[in-house]
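In the form predicted alone, a lone chain appears below as structure tokens.
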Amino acid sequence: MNSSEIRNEIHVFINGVETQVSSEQAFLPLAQFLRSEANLPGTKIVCAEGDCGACTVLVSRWAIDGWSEFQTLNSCIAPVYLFDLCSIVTVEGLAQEDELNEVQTKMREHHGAQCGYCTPGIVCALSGLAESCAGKNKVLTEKKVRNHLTGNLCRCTGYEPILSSALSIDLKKWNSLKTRYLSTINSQRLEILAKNPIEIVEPTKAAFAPTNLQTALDLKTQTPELRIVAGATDLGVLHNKAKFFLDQVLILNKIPELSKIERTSQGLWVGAQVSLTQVEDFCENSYPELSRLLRIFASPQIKNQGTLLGNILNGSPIGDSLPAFLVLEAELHLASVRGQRVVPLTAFYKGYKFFDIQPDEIAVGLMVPPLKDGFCSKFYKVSLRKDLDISAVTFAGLFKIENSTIQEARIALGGVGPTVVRLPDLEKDLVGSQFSESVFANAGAKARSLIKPISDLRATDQYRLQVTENLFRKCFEELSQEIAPCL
């Protein structure tokens, strides 16, 4: 097979064994394929929404610069066609020559294994953590373990022995999955396979994975109804719940330039295929407040698979990232066969699930302009739980403060209307005002009159109004403690 040939199958390595998947099987959720087709029932399907973590597996992706680190993800919501040239390790692949690995051994010794539904996913999640920490000479701490397990439920409430199991792991005894499963794969063959576009066409299903943007644009023009699928962390849930089906899809993960995240002279560039985890890690120093927000965005399994642009294009009024990027005045770059255009994110959301994007356009990336010196920011997510929960209200505030005077203000809110909103009238009122508690209290009171939240299962309208007002006070209190760098 040469690099110009079109493939009609997915090449995936499962516990070290290369498997070719084609026809209807390529459209199955990965967990279902593992259980019913690959005879690996250790991966469980429980919630089918990516919430409980029982379906957790470990995945490394091959790219031109080599294999990525193994990361956890939810296999119940991700279709098989997203895993071309991936190495997948399930709970069955953790043991070596019938000898349990270090995580499994500690889970047994400390009685961390409970009913068996959620345990395989927990073992895979902890194995991913051990793989990451052992490879970078990091230490397992309780905070790190708790954070890494936010995507895994234990319905038997066995969290204490699970934590004890994790904290007793001896990383010196960890046997690298990367060494076991990736070192023997022929990279030259993968380079050829990576250049092959994929077309899997069935009577009622079709999946296209081009290797260049122009081909993708041509496909979108010819068949505008093709649904673009990136991580499927949201769409996969809707597919499983039969809201619609991911059967006519355009996959962009074989187009290298869409996986770039980099700092340019124009600002921070985030390509369409960049995961939330990549953004969180990349922004840790340059946009620390954004990185902090992304830590509680979702579970590691979701962030490792889901993309930032997927969250932005979903356009939910409670989308966690949206208010932050509105105040950062990010710009969405859209491409079609007619060329490219740039849409400020502040103008992209026209109404509930109504966006400034044409059927034949593809979002190729997001540009975040660089912040000038003197800006301070606060991004908040309010939900019933700290981790792995849908927001009730989200808040983003960006301020430039000099000599105790607000020189510039940008405010955005989510969960208070049919779309995320900027509050330009309130921003104008704040400019020129003293940086004081009373000013922020008045701003919070005025914000109540500018928004129209609804009551739903997550919160009442009155709760959202009060929380919005309170967040202005919270913003002032926290900024006042950090004000020195802004003055």
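The first residue of the sequence shown is number 1, and the count goes up from there. None of these values were measured; they are calculated from a predicted model.
Another form exists, predicted together with a small molecule; not displayed. Remarks below refer to it.
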Exercise for review: Please state whether every one of the three residues G50, F297 and I362 places a non-hydrogen atom within 4.5 angstroms of the small molecule in the predicted bound form.
Suggested key: yes
Check your understanding: Pick from K381, H148, K106, R410: which residue has any heavy atom within 4.5 angstroms of the small molecule in the predicted bound form?
Key -> K381
Practice item. Could you work out which of A166, C124, A272, A396 is the residue within 4.5 angstroms of the small molecule in the predicted bound form, going by heavy atoms? Key: A272
Check your understanding: Hey, of 262-270, 96-104, 129-137, 383-391, which bit sits against the small molecule in the predicted bound form at 4.5 Å between non-hydrogen atoms?
Key -> 383-391
Check your understanding: For V229, is any heavy atom within 4.5 Å of the small molecule in the predicted bound form, or not?
Key -> yes
Practice item. Classify L252 as contacting or not contacting the small molecule in the predicted bound form by the rule of any non-hydrogen atom within 4.5 angstroms, answering yes or no. Key: yes
Review point. Is D234 close to the small molecule in the predicted bound form, meaning a heavy atom pair under 4.5 Å apart or at it?
Key: yes
Review point. Can any non-hydrogen atom of N314 be found within 4.5 angstroms of the small molecule in the predicted bound form?
Key: yes
